[in-house]
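Take a look at this single chain, the form predicted alone, given in structure tokens.
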């Protein structure tokens, strides 16, 4: 019989017995735990959105490791959990069960699956869950690149689990490397980095504006650094560059991009700008308007406010954003006088001077 697919025709929702406290779990966490059953002695929780999976594993008496790409998710983990960084290739040899809230990007699924197959115990069982609307067939293929057995669960409350076992220990293919001839840079990126190794249109417009204005060098911050392209360009222009991102994958990618191009960029994982960073001459930012699969500009607004705090008087925030998003009044309010430097059909680049 053919394996079920995440895009199989509508399947009847499976009725399951609920543990006490199940009402505290959202449908994705609930179906992950239902599918996993006996968790075993050592559990790895990946990208737990609210700490609920880790808390449930602790309640079952397991030793719990947790890998959250987003530092904001990591901060919600319960006491007793050991954080690990998957980009650092950690020792997961005792892990026999993985509870994973799948990311939206197929590349991120493939990247993490490689680490799990290479680092976890040979008998590891992986349970990756998501809402049905966020699952695509390519995720099956991404898992099959690292595991010999992959299948999909029945649906439950518009959620589903992809099950993987029998790791094949593939060669590590992530992070990916690409040479950007336009910028003269080697760019490295993990699977969970926005845009991967490519130069997106908004960032291209921002970099052209910065290069055209040729601001005086000093202390600069690439805020929301992603693969590190902006940080690397600023370093090439002579700036002393710090880079920050909430994503562990982004920080690791920026560090690798800096090393590949011979730049001494310091990359830090942080929710916004760390409190000990101040007196900056320049902040450059292509802010996110999604968090995971959901549209959310609150982080971008907070980043603008952080720039207002961290810039010296007269320092500049260079921002690029989709033209329909309301960042212009926020920049004026939180930073200071703001001018539109350049715009095209989709994006606007602004420069705000710290009052």
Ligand SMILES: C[S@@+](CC[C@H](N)C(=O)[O-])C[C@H]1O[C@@H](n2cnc3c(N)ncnc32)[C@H](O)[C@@H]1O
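Positions refer to the first chain, counted from 1. For clarity, every value in this text was computed on a predicted model and none was experimentally measured.
Beyond the structure shown, there is the form predicted in complex with this ligand, which is absent from this document and is the topic of what follows.
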### Query
Any chance residue 226 has a heavy atom within 4.5 Å of this ligand in the model of the complex?
yes
### Task
Could you confirm whether residue 299 comes within 4.5 Å of this ligand in the model of the complex, counting heavy atoms only?
yes
### Query
Might residue 287 be said to contact this ligand in the model of the complex, defining contact as any heavy atom within 4.5 Å?
yes
### Query
residue 203 near this ligand in the model of the complex, any heavy atom under 4.5 Å?
yes
### Query
Can all three of 194, 271 and 303 be found with a heavy atom no more than 4.5 Å from this ligand in the model of the complex?
yes
### Query
Okay, which stretch from 113 to 121, 263 to 271, 136 to 144, 160 to 168 lines this ligand in the model of the complex, with non-hydrogen atoms inside 4.5 Å?
263 to 271
### Summary
this ligand in the model of the complex has a heavy atom of only one listed residue within 4.5 Å, and of 97, 87, 247, 156 that residue is 247
### Message
Using a 4.5 Å heavy atom cut-off, which residue among 241, 230, 188, 283 comes into contact with this ligand in the model of the complex?
### Response
230
